[in-house]
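This document starts with one chain, in the form predicted alone, laid out as structure tokens.
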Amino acid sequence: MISFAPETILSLGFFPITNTILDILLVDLIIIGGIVYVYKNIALIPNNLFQNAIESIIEMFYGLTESIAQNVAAKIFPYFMSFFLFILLTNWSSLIPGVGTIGFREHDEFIPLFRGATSDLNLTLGLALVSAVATHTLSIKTIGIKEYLSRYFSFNPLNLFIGLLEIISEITKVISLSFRLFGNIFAGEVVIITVSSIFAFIFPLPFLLLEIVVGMVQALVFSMLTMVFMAILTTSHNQSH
């Protein structure tokens, strides 16, 4: 049985190192390794399949960002791509052989050394909060503090009421982003572990393929929603009306 809370592997003082933190470190190593590889092998005229693939993906995603965010695409794209890449690899990390299956027993309970980090609500909530803070910071930098505050506060009673609803909606965005990602990945992890414990071979494969698709879709949904929120809040309030 999978617990909602991640299991603690060791503690550094008062700071617990959980199996989801170890998974995040694993994903970080993969990302850093990819960056180092690209940096050392990058060429003005691409001469390898890896660089061609990376450039094609980036060009496609930048075109998508530009079609939605238009003149602020260059500011939003780094956030959009960073969220997508990190969440995608973290979602897929739970499918790496050994993740969730290699561990130790403690009090007759199996504790995996690594666990998919996006099945931990702490991470998904943290990502949602980072998305919200980055969105509002970018909004202030782009349209200015006065224009930003006018979206939420006004001497007009009707506009003030609408502004209060906007503030509530910003809170619900954080809840929605975090629970959507957590719920889908946690549910998928439960299904795979349950199926794998009953059928060791062949039968779990369709579920693994489904989780690959779900992992990509959830990464795209989170990053796309962040991009849309950023595009909306970096648009002048007067212009949006």
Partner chain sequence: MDIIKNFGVNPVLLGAQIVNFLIIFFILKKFLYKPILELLRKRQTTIKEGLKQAEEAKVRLEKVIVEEKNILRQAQIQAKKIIEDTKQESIEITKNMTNDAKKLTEKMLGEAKNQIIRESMETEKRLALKVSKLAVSFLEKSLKNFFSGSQQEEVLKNVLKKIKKTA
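All of these numbers come straight from a predicted model, not from anything done at the bench. Residue numbers count along the first chain shown, from 1.
From this point on, the text means the form predicted together with its partner chain, which you will not see here.
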Would I198 show up as a contact with its partner chain in the model of the complex if we use heavy atoms at 4.5 Å?
no
Within a 4.5 Å heavy atom cut-off, is F114 in contact with its partner chain in the model of the complex?
no
Give a yes/no on whether I162 approaches its partner chain to within 4.5 Å in the model of the complex, heavy atoms considered.
no
Should T18 be classed as touching its partner chain in the model of the complex when contacts are defined as heavy atoms within 4.5 Å?
yes
If contact means a heavy atom within 4.5 Å, which one of 54-62, 169-177, 189-197, 205-213 is the stretch that engages its partner chain in the model of the complex?
54-62
Check P6, I31 and I42: does every one of them have a heavy atom within 4.5 Å of its partner chain in the model of the complex?
yes
Could you work out which of I143, L88, V99, L127 is the residue within 4.5 angstroms of its partner chain in the model of the complex, going by heavy atoms?
L127
Identify, from the list L149, A132, L95, M81, the residue with a heavy atom within 4.5 Å of its partner chain in the model of the complex.
M81
Which residues in 105-120 have a heavy atom within 4.5 Å of its partner chain in the model of the complex?
D120
